[in-house]
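Encoded as structure tokens, the following chain is the form predicted alone, with no partner shown.
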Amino acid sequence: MGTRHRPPVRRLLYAVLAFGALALAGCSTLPASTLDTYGDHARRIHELLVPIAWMALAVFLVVEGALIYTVLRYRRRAAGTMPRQVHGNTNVEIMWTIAPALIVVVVSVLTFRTQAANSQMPADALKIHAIGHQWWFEFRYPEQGIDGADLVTASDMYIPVGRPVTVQLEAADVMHNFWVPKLAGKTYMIPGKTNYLTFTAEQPGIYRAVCAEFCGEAHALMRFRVIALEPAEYDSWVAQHRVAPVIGGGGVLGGDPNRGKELFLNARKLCITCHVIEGTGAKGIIGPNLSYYGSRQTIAAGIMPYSPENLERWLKHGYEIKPGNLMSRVLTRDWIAANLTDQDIKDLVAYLDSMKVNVALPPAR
């Protein structure tokens, strides 16, 4: 039996549908989309890309149109004949030299204008120092500290709406890349070099952000949130962070927060070795600052939503949830089994969950 061939028109239709599906996939408005902007830095980049995309489409249509016309117009000739040979055409050469040059000039002017606007650092901008670690982000607020010490957070960067923010970007170990798609473009965090990124959040919201540079085993699990608050709420957040956290509320998961604090400060349990909690003897500098941990939006640098249940799971199985993270190199499966009972972990969860900041959170964007 002969092989049944699909008509060329059907194959072409399938190709168009496949191309359309891929094109639509690239136009997603999911949380990491750059097409739905809420910050001036990201908006300028979007406004730059739109005319460039239209110019690219125009070039594509002209080139592909000429190609298809040529293929169809000259697809057949008499057997044994040679088409007329043409060696050079001055007018065509001039045209396809000048046209790309003009396009490059236009793109360059638009790009330089956007770069200049996005490089401005207003004197009244809020200063935040962001440090990339394997695999989490640390945020220091030198202007909001007290007695010469910075206000320090991790994984959640709080900013006020409507005020420019200048982020000083550095890396503690390897190269990282600071990216908040809906607020600002990517900017590298390079060991030994300081970069700066200035942007203004135009609406309140919780904005997802990531490290956009491969930085090791858990790179894909290195995330954070930028939480843009109304100015009054932001001032309230700062004021609360200037006071050392205290145990508040009852224990969760049947844990005792007071006993959890004792466990946290017990050097044999190792928490105090790496972490800081303001107002206590915990002064470690290796891991994230855990002050007011109960108000975090996520656990383990953005890979799980915050909840007491997820925190308990993280303390028990961090070595499985985020392979390669520094804590799990010390708190191995065997070490946890030998040094922390299930009740110990519940008490630690109750203590960390008890430290909360009272602010009205905006919607996720």
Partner chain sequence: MAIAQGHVGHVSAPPATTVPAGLAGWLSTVDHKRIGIIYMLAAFVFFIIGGIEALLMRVQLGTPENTFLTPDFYNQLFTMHGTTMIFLAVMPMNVGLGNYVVPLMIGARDMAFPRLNAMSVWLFILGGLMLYFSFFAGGAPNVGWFAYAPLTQKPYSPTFGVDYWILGLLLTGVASIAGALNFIVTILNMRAPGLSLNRMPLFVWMQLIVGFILVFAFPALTVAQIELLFDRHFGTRFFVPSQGGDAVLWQHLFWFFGHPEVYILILPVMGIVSETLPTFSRKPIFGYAFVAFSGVAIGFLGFLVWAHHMFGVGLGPLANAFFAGASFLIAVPTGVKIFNWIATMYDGALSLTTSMLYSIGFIAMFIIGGLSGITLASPPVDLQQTDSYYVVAHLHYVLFGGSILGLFAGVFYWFPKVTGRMLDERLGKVQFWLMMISFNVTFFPMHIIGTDGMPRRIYTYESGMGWDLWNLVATVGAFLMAASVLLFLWNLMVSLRRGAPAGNDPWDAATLEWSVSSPPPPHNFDQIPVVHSRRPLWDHKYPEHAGDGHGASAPDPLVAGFEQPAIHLPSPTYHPLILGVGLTTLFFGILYSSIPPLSISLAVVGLALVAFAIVGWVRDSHKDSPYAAH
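Residue numbers count along the first chain shown, from 1. For clarity, every value in this text was computed on a predicted model and none was experimentally measured.
The form predicted in complex with the partner chain is left out here; the points below concern that form.
Interface segment, criterion being heavy atoms within 4.5 Å of the partner chain in the predicted bound form, picked from 256-264, 289-297, 170-178, 154-162: In short, 170-178.
The single option of A282, I131, I206, A212 touching the partner chain in the predicted bound form, heavy atom within 4.5 Å: The residue from A282, I131, I206, A212 that makes the contact is A212.
Contact test in the predicted bound form: I272 vs the partner chain, heavy atoms, 4.5 Å: Taking the distances in the predicted bound form, the answer for I272 is no, it never comes within 4.5 Å of the partner chain.
Touches the partner chain in the predicted bound form: K127 (any heavy atom, 4.5 Å): Close contact is absent here: in the predicted bound form, K127 is far from the partner chain, nothing within 4.5 Å, heavy atoms only.
is_contact(P83, the partner chain) in the predicted bound form, heavy atom dist at most 4.5 Å: Yes, P83 sits close enough to the partner chain in the predicted bound form that at least one of its heavy atoms falls within 4.5 Å.
Partner contact for G88 in the predicted bound form: the partner chain, 4.5 angstroms, heavy atom: Because a heavy atom of G88 falls inside 4.5 Å of the partner chain in the predicted bound form, the answer is yes.
Stretch 170-200: residues contacting the partner chain in the predicted bound form, 4.5 Å heavy atom cut-off: Those in contact are D173, V174, M175, N177, W179, P181, A184, G185, K186, T187, Y188, I190, P191, G192, K193, N195.
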